[in-house]
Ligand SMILES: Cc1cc2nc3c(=O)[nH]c(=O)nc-3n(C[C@H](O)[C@H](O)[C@H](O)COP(=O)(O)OP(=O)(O)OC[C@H]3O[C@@H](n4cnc5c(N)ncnc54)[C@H](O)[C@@H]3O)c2cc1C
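Here's a solo chain for you in structure tokens, the form predicted on its own.
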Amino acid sequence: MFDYCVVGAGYAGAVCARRLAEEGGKKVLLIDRRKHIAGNMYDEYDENGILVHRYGPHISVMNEKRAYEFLSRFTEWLPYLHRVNAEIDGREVPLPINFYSIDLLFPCEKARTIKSRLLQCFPGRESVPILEMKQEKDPVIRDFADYIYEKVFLHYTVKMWDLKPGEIDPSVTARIPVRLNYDNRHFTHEYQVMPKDGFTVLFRNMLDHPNITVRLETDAKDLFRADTEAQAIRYAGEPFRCGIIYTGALDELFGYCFGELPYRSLKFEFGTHPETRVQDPTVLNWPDDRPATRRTEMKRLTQQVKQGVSTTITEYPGGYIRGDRVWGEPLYPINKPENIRQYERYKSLLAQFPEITPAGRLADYKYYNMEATVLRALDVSDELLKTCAGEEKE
């Protein structure tokens, strides 16, 4: 008999399972419909002996000590500074755009003028969002902002999210930084690391606890059903007496009764190259009208040394199609008002099922990064552990 059933073996589910098992002393059943643990973080060695991320590249960047210290229990880390270039008008320039990028994109005198005006308009700032620049009165700054908006952001976002320019949320634009210095790092987080032995090993260590039972190739609907008429969780017609941490999509949990929630998905094209190094940066972005968004050289990400061969992953975005062989993974919730309203209808059904706790990108319908997912799981498990402690006192 189990105290909790955790649906999904990604970060949200694995973190909750470990804490409930270890700190709460609970018997936890963790299930996943895939053949492996680690969710979208899953990695394995390919035929070239290169560790590859099967669901696209993932990087451990964190600012919160709590997240870093928790994960550090299950892996050794390798320091890693991520580098990303974008191909713009036939030139490769670092992202985010910075003074070095400006020097590469514009003739010497024009680049000098742009940098000078930026420093004059935004004294003491390390970076400025592109939307703020677009609102400046200085025509040099405005023209520069318009150029960067189109060349770096617009086409990339349109093909990534399948949105028309007018549908793009201004709050997204507001977050695009231009650095007022020569800092070429893609991230500025305090902790920038990669797990020494890969993400799958990290997850294997996290789930290695006597109170945790892992069952793969097991679908939640094979264990229980959310009966909205009876307002009860049932298995084979009988009450399902187990707390549930659900990290899947709520529309699926409730049988798509309000329609399918829209997501974006990705197609991954793995390439083998008979050369030691394929490209200069780890990731090369294509913010233009070609169908692919970016290409990652895997051994640069995992810091493997292997001569004469390299593996790349090229990503093609597309709409999620339930059950499709290529587009059947719901990876990115689409943050549009009508979609949020639809999600809230599903979330309202959870009030009928206090035994179900949602957590994670799909269950919360939010575009969490890795750190945000871990922190969300830590917060959720905090509340559940408090409940457990209260029940024991009673």
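This is a predicted model, so every value here is computed, not measured. Counting begins at 1, following the sequence as shown.
There is also a form predicted together with the named molecule; it is not shown, and the following applies to it.
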Open item on the list: The chain here is shown without the named molecule. Which stretch in 280-288, 216-224, 123-131, 151-159 comes within 4.5 angstroms of it in the predicted complex, by heavy atom distance?
Closed with: 216-224
Open item on the list: Just to confirm, with a 4.5 Å cut-off on non-hydrogen atoms, which of Q352, N48, N40, Q342 contacts the named molecule in the predicted complex?
Closed with: N40
TODO: Consider the chain as shown here, without its partner, and state which of S348, N335, N369, N63 has a heavy atom within 4.5 Å of the named molecule in the predicted complex.
DONE: N369
TODO: Determine whether any heavy atom of L362 comes within 4.5 Å of a heavy atom of the named molecule in the predicted complex, and answer yes or no.
DONE: yes
Open item on the list: I'd like to know whether L266 contacts the named molecule in the predicted complex, with contact meaning heavy atoms within 4.5 angstroms.
Closed with: yes
Task: Proximity of A12 to the named molecule in the predicted complex, heavy atoms at 4.5 Å - done: yes
Task: Residue contact check: E136 to the named molecule in the predicted complex, 4.5 Å heavy atom - done: no
TODO: Kindly confirm or deny that V7, G248 and L331 each have some heavy atom within 4.5 angstroms of the named molecule in the predicted complex.
DONE: yes
- [ ] At a 4.5 angstroms cut-off on non-hydrogen atoms, which residues of 278-304 are near the named molecule in the predicted complex? List them in order.
- [x] R294
